[in-house]
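Next up is one chain by itself, shown in structure tokens, the form predicted alone.
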């Protein structure tokens, strides 16, 4: 297999190729003055299986377009099979029609990838994993929860309580707690019918405990910020906030630190200043196991 890092994931792609012992392909890329992408493959791909590494974090549309251009180019240049490694999958929130007439964005994106010649997708903690049961293309959804949990050993936390919001979050917290041999607590929200205020409920005694908050994605950080505030009011000793995908829109990171988070930790599915955990070993292990 030949591995080609896309413009959005050059360093991560190089790390995956090194760990999986794959040949590293070359890609020339640049932006025209009007913002359009120029891409040129510098490796021979004819009759070869090729993996592209391209995350689709903001600007999502540009990174998706680059991925489509790479995939279609591989097909036209004679690649035998194309695997797209997409660490962060954009447009995965809209997995059904909540209102009549809405576009189901993740279905459209997956159809575009298939039409461009992608045979398989490997992603990490997709926001709506249930959509994959009916996907138009083969998608493997790897779970990086264990990586974040194991990294907590480096943070000096003492038997931390793992918390995560929502039903999906509860499953993540359970996995993380089992990974490091500690306990976890569900977090859910309740809206006051009279005031409309949203209240965060933590189903555990957190007084004088270290707490590791874990989530798949932090975008604007609304839920995480409210949870940290609640944990502080309940007497938590130390609070570390961690996530797989750190979008951190609108100074979400700054706000989390201001309300009481001691530290922020993320993976490198999206390039960010808190990326202390690399998902390259997770992807490399999968590639070596499956091939």
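Numbering follows the first chain given and starts at 1. Not measured: the values here are computed from a predicted model.
Keep in mind that the form predicted together with ligand R5P is missing from the display, and what follows is about it.
- A heavy atom within 4.5 Å of ligand R5P in the model of the complex is found for exactly one of 230, 37, 223, 60: 223.
- Residue in contact with ligand R5P in the model of the complex (any heavy atom within 4.5 Å), chosen from 218, 79, 118, 86: 218.
- Ligand R5P in the model of the complex is approached by residue 93, whose closest heavy atom lies within 4.5 angstroms of it.
- Taking the partner from the other structure, ligand R5P in the model of the complex has a heavy atom within 4.5 Å of a heavy atom of residue 165.
- When contacts are judged by a 4.5 Å heavy atom cut-off, residue 127 counts as touching ligand R5P in the model of the complex.
- Of the candidate stretches 97-105, 209-217, 118-126, 152-160, only 209-217 has residues with heavy atoms within 4.5 Å of ligand R5P in the model of the complex.
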